[in-house]
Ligand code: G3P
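The chain that follows stands alone, in the form predicted on its own, written as structure tokens.
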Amino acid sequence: MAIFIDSGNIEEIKTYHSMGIIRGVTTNPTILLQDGIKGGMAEIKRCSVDLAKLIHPYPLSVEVTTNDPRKMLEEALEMASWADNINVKLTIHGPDGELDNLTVIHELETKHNVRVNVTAMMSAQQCFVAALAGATYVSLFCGRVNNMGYNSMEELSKLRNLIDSFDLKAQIIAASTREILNIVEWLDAGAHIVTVLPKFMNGMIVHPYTKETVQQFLDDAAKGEGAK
């Protein structure tokens, strides 16, 4: 899958989707708020339906807004009903370490056929457990792992070996990108997907020496035309 763009801005997403270089979109309440999506569930639905239609059949991840087990299940089922390419994001556990989330994740995947992206994970072991519970995607916050003084590429490599060895369906998402170099490093270390901020998409494409070379080509072409 390679690259999911981390954005709720439809114009940004249109730009990179039209290039054919993204394979999905990830959002969360923080991203939507930063991109001006306010107004509660009605506005989240409107934005999500528009984005899902734009990128179809590629997946769109939308995150639940509660940590109450019953409400999580209800929200997840509602969100999944908005479009057939919407995946629902749930965190691995609650803010105080509540364990109900994994039960909800398992039920969504096995009883309701809802694709779940388990998020906010900081270790290979958390992701492995989420994969065992049946998650379609497991999101390792590699940037935050590095910030804590650990090597995210080692965690990715261990996790990929576990996923492959136990023949689990989960795809590994390397999230929380901090710099352009992270993208190819994390894919090379074993991630199936890296979530990328729009500002890093430009940095992957535009290189100062390429600009210089293109300008030289154009200048020389103009000189050739003038010599006729």
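Sequential numbering from 1, following the sequence displayed. Here the structure is a predicted model, which is why all the values come from computation and not from measurement.
Separately, the form predicted in complex with ligand G3P exists; it is not shown, and the next lines address it.
Of the candidate stretches 102-110, 123-131, 136-144, 73-81, only 136-144 contains residues with a heavy atom within 4.5 Å of ligand G3P in the predicted complex. Contact annotation for residue 159: none of its heavy atoms lies within 4.5 Å of ligand G3P in the predicted complex. Although the partner is absent here, residue 45 lies well away from ligand G3P in the predicted complex, with no heavy atom inside 4.5 Å. Ligand G3P in the predicted complex comes within 4.5 Å of a heavy atom belonging to residue 178. Proximity of residue 182 to ligand G3P in the predicted complex: non-hydrogen atoms within 4.5 Å are absent; the residue sits far from the partner. Contact annotation: of the candidates 54, 187, 168, 31, the single residue with a non-hydrogen atom within 4.5 angstroms of ligand G3P in the predicted complex is 31. Applying a 4.5 Å heavy atom cutoff to ligand G3P in the predicted complex picks out 6 as the lone residue from 1-23.
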